[in-house]
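The chain below stands alone, shown as structure tokens; this is the form predicted on its own.
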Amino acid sequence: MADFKYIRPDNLPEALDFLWDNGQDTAIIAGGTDVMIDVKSGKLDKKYLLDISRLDELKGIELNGRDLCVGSGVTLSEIYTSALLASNALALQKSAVNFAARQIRNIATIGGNVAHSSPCGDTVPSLLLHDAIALVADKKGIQHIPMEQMATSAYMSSLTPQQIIVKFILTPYQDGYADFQKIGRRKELAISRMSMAAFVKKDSTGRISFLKLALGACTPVPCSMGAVEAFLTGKVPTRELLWEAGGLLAERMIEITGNRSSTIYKKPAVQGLFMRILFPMVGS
């Protein structure tokens, strides 16, 4: 086992005070699903383990005016069972459906999923979909960081050692079509090899009036797909049009990642996943 001192603050200010002086030597534990792997393997090279899992300031899901607020300490099980998310951020709720096993969902937090900055973080594409802003705190105050800026590269976060994500502020989406799906090595308990979140609205003529699309796992960091959104907006979705848009999405993915040995299967896979998510719109 790693040699460290366990710290459990009573409130957020106490946690931020501790990190201000000891952040470089501290690992933060919220759900612990990633940190505990390093603890058990003896790879945790920190002096302190700061447990923020019980901080009330990081809890709660609420609709505050035009903002949908999700605390960073909210678990994936709480996301999965939230009626508020079901009606305002359905893709985010769906991202929790096949997130690891039930025991993991009961302790894993959305803040931990984001801070870990894994390319396959299941909640991130849906947060991008909703133009989420992370409220990040240190002893000096609060910063508002767009989701696009949270991960700087695979497993590298823009957070400093003195900072804690407090909550996420999302733009709620209602009265449209939303989905999140992923591809893994198996149907259950699988790490995402590719994931996608989408929200679509159509007008009275059947044309797409609003579209948000985000891709995860198959790029170094999850990212929005503005070119595909622009291509489809204002058009009536047909099978042929969506297939063409899926091809554009695949090409955009390749532009980001470059041609690799995996491109030969990732290109048709991302196009197929796009069709699987958006084809139910056709004729609806």
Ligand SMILES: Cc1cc2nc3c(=O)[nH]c(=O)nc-3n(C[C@H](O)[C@H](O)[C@H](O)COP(=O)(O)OP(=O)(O)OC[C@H]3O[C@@H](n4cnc5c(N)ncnc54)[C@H](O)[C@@H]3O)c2cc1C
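In this text, residue numbers run from 1 along the sequence as written. Keep in mind that this is a model prediction, so the values were computed, not measured.
The next section is about a form of this same protein that is not shown, the form predicted together with the named molecule.
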Q. If you check Leu129, Ile79, Ala108, Ala178 against the named molecule in the predicted bound form, which one has a heavy atom within 4.5 Å?
A. Ala108
Q. Which one of Ala214, Leu170, Ala115, Val200 is close to the named molecule in the predicted bound form, taking close to mean a heavy atom within 4.5 Å?
A. Ala115
(Q) With the partner left out here, check for me: in the predicted bound form, does some heavy atom of Lys182 sit within 4.5 Å of the named molecule? (A) yes
Q: Find out whether any non-hydrogen atom of Gly31 is located within 4.5 angstroms of the named molecule in the predicted bound form, and reply yes or no.
A: yes
Q. Hey, in the predicted bound form, does Ser72 get a heavy atom within 4.5 angstroms of the named molecule?
A. yes
(Q) If we define contact as a non-hydrogen atom of the residue within 4.5 angstroms of the partner, is Ile165 a contact of the named molecule in the predicted bound form? (A) yes
(Q) Please pick out the stretch from 202-210, 100-108, 81-89, 141-149 that is in contact with the named molecule in the predicted bound form, where contact means heavy atoms within 4.5 Å. (A) 100-108
